[in-house]
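Here you get one chain, nothing else, as structure tokens; it is the form predicted on its own.
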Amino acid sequence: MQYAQLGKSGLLVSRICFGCWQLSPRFWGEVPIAPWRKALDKAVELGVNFVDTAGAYGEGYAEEMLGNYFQDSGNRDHFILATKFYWTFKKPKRHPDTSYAFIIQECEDALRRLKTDRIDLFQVHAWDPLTRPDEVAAALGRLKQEGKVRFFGASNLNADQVALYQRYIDVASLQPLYNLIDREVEARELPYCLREQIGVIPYSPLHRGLLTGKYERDHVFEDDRKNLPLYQGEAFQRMLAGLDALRPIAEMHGLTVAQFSIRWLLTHPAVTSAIVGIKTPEHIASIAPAAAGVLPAEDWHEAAHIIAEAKREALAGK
């Protein structure tokens, strides 16, 4: 396993991050916990030392399951632990809240659910239009002084929004949507992070599984993906054709399509670690080799072109 420093934080994180979004039943249905726990054991064995979750994942469920694992395994100190605040789900209506009082309380609740005394990276999950960055910074400053939070990160923010937070607090990392299909952050967010020495830890590096290359032409999605345009009809078929064109390039490097897709992401100089949602020990074992190196520039650009063309034709209905 290779490691990289997360921005200017000094945290040395594995280039594969064990993501926990899959423990959100409303997105993915029920995920068996026993193999998931064994996957965390396997991650430890493989040298993965970075885990990312959020209070919003299953309304605290993912944090609770991770906390139970820490307590039972004794592996808390092996991991650099990242979680997120933003959603309040204790009131009748789930809604964003980045107020001082909520951040303080949510940190206490997250520590309880995670069964730990500290959060290494506490991230604002999204941009709150009612946010007061100075108020957020004040809350995080208090939590850092108390030893409950070590560093602050942001998720789903654009470059201007990160810059506004930067006026009041050091931002260690940005967690954007980024993969071979979703490349919008290459224009502004990734250059900004490079300039400001902010670590980038993309989520959904396999575009909700599409970039694994494992789906057959007749596959029918039953979860949240059934409502997404690239996962149905002719668009789905066109994306699979693009992945078929990608396969020989991956095989040339001794990689599966999934491994190649992750390595493609890790080749970008702004990217620190890729957050991969893991469900089984076999899954983390199959993904880990992606972090063993980077791609030559010509293969990176060829892959980007293949998938960009596939996406364009898929969305155009060709």
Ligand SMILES: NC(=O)c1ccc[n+]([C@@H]2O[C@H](COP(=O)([O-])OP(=O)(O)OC[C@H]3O[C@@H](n4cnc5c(N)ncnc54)[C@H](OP(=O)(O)O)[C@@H]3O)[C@@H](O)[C@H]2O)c1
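For clarity, every value in this text was computed on a predicted model and none was experimentally measured. Numbers follow the displayed sequence, beginning with 1.
One more form of this protein, predicted together with the named molecule, exists but is not displayed; see below.
Enquirer: Picking from 203 to 211, 134 to 142, 160 to 168, 69 to 77, which part of the chain touches the named molecule in the predicted complex when contact means heavy atoms within 4.5 Å?
Expert: Looking at the partner contacts, the answer comes out as 203 to 211.
Enquirer: Test of understanding: in the predicted complex, would Y57 fall inside 4.5 Å of the named molecule by heavy atoms?
Expert: Output for Y57 is yes: heavy atoms within 4.5 Å of the named molecule.
Enquirer: Just to confirm, N156 within 4.5 Å of the named molecule in the predicted complex by heavy atoms?
Expert: Answer yes; at least one heavy atom of N156 falls within 4.5 Å of the named molecule in the predicted complex.
Enquirer: I'd like to check something about H125: if you look in the predicted complex, is any of its heavy atoms closer than or equal to 4.5 Å to a heavy atom of the named molecule?
Expert: Contact with the named molecule, yes.
Enquirer: Do H283 and the named molecule come within 4.5 Å of each other in the predicted complex, heavy atoms counted?
Expert: Taking the distances in the predicted complex, the answer for H283 is yes, it comes within 4.5 Å of the named molecule.
Enquirer: Since exactly one of I275, L46, V271, I249 fits, which has a heavy atom within 4.5 Å of the named molecule in the predicted complex?
Expert: By the 4.5 Å criterion, the partner-contacting residue is I275.
Enquirer: Name the single residue among R183, K115, R150, R225 that comes within 4.5 Å of the named molecule in the predicted complex, judging by heavy atoms.
Expert: After the contact test, the surviving option is R225.
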